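A single chain, nothing else alongside it, follows as structure tokens in the form predicted alone.
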């Protein structure tokens, strides 16, 4: 086999320059409505490409711009710079909001994941109705995790990438602390429960009581 043939075959498997790989990642991320993982990026790129390296360069290139490359869970996406978010705001009429029961259940899952229904109830001090969990699942803010290796092998719950993306978090470790939650009006000034970041008072509340014609996840 001639040297020219060897060089030609080698070029077929040679990865494009990093700058070209950046352009590829940039194009795919801009075209996607959802965050894209490294595996998904590399699956679409030519053989030998390093999506992680390309994203590192792309992340630096967009620093200080109006649009930033951010990590969402194990995926990446372009997002508006936080200080320019006000430009995208639109006044809307809020007709419904999460009930206290739903907020507390969601907070417990976020801070204690993976967590079982029984553990949620132990932390809150009251039973968790099926409607609350079902609605959070429908909103795609929580999902089923691995079954716990305990008698009965109960299913666990964890927060989703959609939850992280909605609140602009890279991972669950970026969740706000107690003061931030209270300042945002997500928690009331009530006594803490166990090791939970004080998300409930343990008293049975009306949010858990069934209501005719209205889901317990929402309240007027």
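If you're wondering where the values come from, they're calculated on a predicted model, not measured in any experiment. Positions refer to the first chain, counted from 1.
The form predicted in complex with a further copy of the same chain is left out here; the points below concern that form.
Heavy atoms of residue 45 reach within 4.5 Å of a further copy of the same chain in the predicted bound form, making it an interface residue. The closest non-hydrogen atom of residue 53 lies beyond 4.5 Å of a further copy of the same chain in the predicted bound form. Within this chain, residue 74 is remote from the site of a further copy of the same chain in the predicted bound form, having no heavy atom within 4.5 Å. At a distance threshold of 4.5 angstroms between non-hydrogen atoms, residue 38 is out of contact with a further copy of the same chain in the predicted bound form. Contact residues in stretch 151-169 (any heavy atom within 4.5 Å of a further copy of the same chain, taken in the predicted bound form) are 151, 152, 153, 154, 155.
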